[in-house]
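Next comes just one chain, in structure tokens: the form predicted on its own.
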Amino acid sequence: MKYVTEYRDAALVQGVMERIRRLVTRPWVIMEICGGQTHSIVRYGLDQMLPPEIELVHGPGCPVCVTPLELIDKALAIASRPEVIFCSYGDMLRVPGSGRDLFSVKAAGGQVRVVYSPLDAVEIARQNPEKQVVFFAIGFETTAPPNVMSVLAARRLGLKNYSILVSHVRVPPAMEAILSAPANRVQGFLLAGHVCTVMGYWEYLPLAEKYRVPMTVTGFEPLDLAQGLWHTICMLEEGRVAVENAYARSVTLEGNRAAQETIRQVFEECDRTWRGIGVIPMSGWWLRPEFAEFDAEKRFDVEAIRPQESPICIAGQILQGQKKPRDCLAFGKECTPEHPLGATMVSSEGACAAYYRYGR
């Protein structure tokens, strides 16, 4: 398939890796931000192809993984109500809350539906005026445009039975939290191509300069990632700080300005709790006051839910690049994809799930 198979060409990837091996003169720690990149790296064995001086650590770029436990419990409380049709992407249904998950609610008779777009949820609300329809609006900057479009569509249609449970997070503040932490080990970053397609990469320029850390925008196929590593390692070896774009077929510096403007119309920045990490200032979005009528937390009065994280799960340390899944004593024992302790094991983009699936 054109634009896919050529980026999985083993000979081309091996060629880039050989250039990296000849280039490296000292150890470097590089973090890939996106969980989709983590899965590609582990699936294709890119980390094992690198010279031993290069260590890859896995970042917090999996929206399912970082959705806080309190939002999962709020979702469970709302979805359990008889008047509610609760709509979500499929990968959220098995994420454990304090005692159960959305699959359990569905099995007990709750009206939990898997949708492929928030606009599907708007259509369900239009067809079921007697029900309250709630969409679980999670994600990074990538999923924000369709989520805000659903709110605008519901307003335009005059729907009073549609709302969203918002758990949106932003990449740059999370990176700053990692870089400013005393235990930080990260010396270079691979940036998520889909996030930068929407937002551009202008936000990362001051961050790279402030912390003197090079960054490269890259995609998700093996050759994309190998080239992203090459760019980052070149900058590290040269002592040069910049944000380079190795994903120019999709990303520009400015990004999608129309999408950014739509996001700003409906959302405003806020402090946000990240699962296993804690509160990161101004790292999320929530609905502006003029769109409060679409806020499911307020509509169903679940704002006071504040559960405690599992003391066994080390997902927070994994998401900050401080530990690997194999460092967890519960990995593959008490914690498996069938019985996950944390979201990093159940998510299709979680680091623990990648290590488990591909036998690491």
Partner chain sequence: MCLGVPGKIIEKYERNGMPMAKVDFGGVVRETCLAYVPEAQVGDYCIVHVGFALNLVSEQEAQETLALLRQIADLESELGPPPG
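Residue numbers count along the first chain shown, from 1. Because the structure is predicted, anything quoted here is derived from the model rather than measured.
Just so it is clear, the following notes concern the form predicted together with its partner chain, a form of the same protein that is not shown.
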> Can P214 be called a contact residue for its partner chain in the model of the complex at 4.5 Å between heavy atoms?
Replying inline: no
> Could you tell me if L341 has a non-hydrogen atom within 4.5 Å of its partner chain in the model of the complex?
Replying inline: no
> Heavy atoms within 4.5 Å of its partner chain in the model of the complex: does R249 have any?
Replying inline: yes
>> K160 versus its partner chain, in the model of the complex: is there a non-hydrogen atom within 4.5 Å?
In response: no
> Want to guess which of 206-214, 277-285, 115-123, 99-107 is within 4.5 Å of its partner chain in the model of the complex, heavy atoms only?
Replying inline: 115-123
>> What I'd like checked is whether P146, F220 and N256 together line its partner chain in the model of the complex, meaning each has a non-hydrogen atom within 4.5 Å of it.
In response: yes
> Between the options D91, E176, D73, E268, which residue brings a heavy atom to within 4.5 Å of its partner chain in the model of the complex?
Replying inline: D91
> Which residue among V95, L190, I138, V134 has a heavy atom within 4.5 angstroms of its partner chain in the model of the complex?
Replying inline: I138
> Across 42-68, which residues bring a heavy atom to within 4.5 Å of its partner chain in the model of the complex?
Replying inline: P63, V64
